[in-house]
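Presented as structure tokens, the chain that follows is alone, the form predicted alone.
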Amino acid sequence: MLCLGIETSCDETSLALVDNNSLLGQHTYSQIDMHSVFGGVVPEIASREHLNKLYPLYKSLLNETRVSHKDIQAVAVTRGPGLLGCLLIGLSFAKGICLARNIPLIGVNHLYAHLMAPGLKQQIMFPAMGLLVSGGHTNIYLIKSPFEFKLLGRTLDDAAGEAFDKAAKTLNIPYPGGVFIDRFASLSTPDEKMFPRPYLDNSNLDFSFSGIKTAMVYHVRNNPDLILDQDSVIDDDFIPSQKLAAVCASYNWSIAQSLSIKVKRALKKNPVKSLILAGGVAANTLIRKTLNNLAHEHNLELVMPELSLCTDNAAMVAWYGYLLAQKGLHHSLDLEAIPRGKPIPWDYSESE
């Protein structure tokens, strides 16, 4: 089955084609440079850019893969969570194709698509423990199959990705700053007492990163020399001071430890065959290493998407849509977009 995937939940406009178990192609337009001027994503600008870029990307994808629009057998689209205006642009485009071609529409839970993304390149053994770490979510799931997800723990306030972005903004590191913090951290050894390991004095599986964000703000307030000069050119060749590198390493370590400890608690209560790490922050070097060590301790395979599939992308949407379509699951054309903060129902219709 040839499935088109559409992703417009935030600031990436992405389309991809998956045929059975193969990714035929993917075209993505990133708005990072546009939003970096504002230090974060501006929803209205993001929506307008999706509207401008979707059709040209669609045409170029078909041309590159030499696929006719008549060959597409299903369309999978992110229905949520995300920015409502952005979601509506992608959903409307998907509905138009499905209406014109009379093919199935499959609304995809963006979070589940992230967790299933590694399946494009490798087999996932179920049941699995899934850790989703992104700018908006930090969740732990027990995943019995691609169609059975049980939420075990979630962030109570800020997600890990938000904690990295806030720290970067405090240090005057350009948006998105998590990549730079990760690189700077690799140049030093963490001071394990510099920052608290957040929200561990409990027995639950939830997360909270607001406290460590505040700790960074106060640390920088007491050490203003850490703030990068406004005229500094922060690029891949930039070398931070040793003091700044140490702060980034320590902050990185505290967040990675918090994630690892909570996942370890979940593994004690839920026997699984594999551990999945997914989401944009799953590209973080130390988090990948820390979770790999944890998986090794429990004799589990750590399943991670390649770096290009960690951030928001249509390949994961097309792949998960393909899995749903193979099971006969689809939506009607009155499918609604669901913004961040609202639960996404499992409301698929099943083909007879």
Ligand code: KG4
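Position 1 is the first residue in the sequence shown; the rest follow in order. Fair warning: this is a prediction, and the values are worked out from it, not measured in the lab.
A second form of this protein, the form predicted together with the named molecule, is not displayed here; the remarks below concern that form.
When you look in the predicted bound form, the only residue of V281, A94, L131, I173 with a non-hydrogen atom within 4.5 Å of the named molecule is V281.
Residue G178 is the only one of G119, P240, G80, G178 with a heavy atom lying within 4.5 Å of the named molecule in the predicted bound form.
With the named molecule left out of view, the stretch that reaches within 4.5 Å of it through heavy atoms in the predicted bound form is, among 70 to 78, 269 to 277, 84 to 92, 109 to 117, 109 to 117.
Although the partner is absent here, T311 is a contact residue: one of its heavy atoms lies within 4.5 angstroms of the named molecule in the predicted bound form. Under a 4.5 angstroms non-hydrogen atom cutoff, the named molecule in the predicted bound form has D182 among its neighbouring residues. In the predicted bound form, at least one heavy atom of F164 sits within 4.5 Å of the named molecule. Interface membership of G136, defined by any non-hydrogen atom within 4.5 Å of the named molecule in the predicted bound form, is confirmed. No residues of 15 to 37 lie near the named molecule in the predicted bound form, the criterion being any heavy atom within 4.5 Å.
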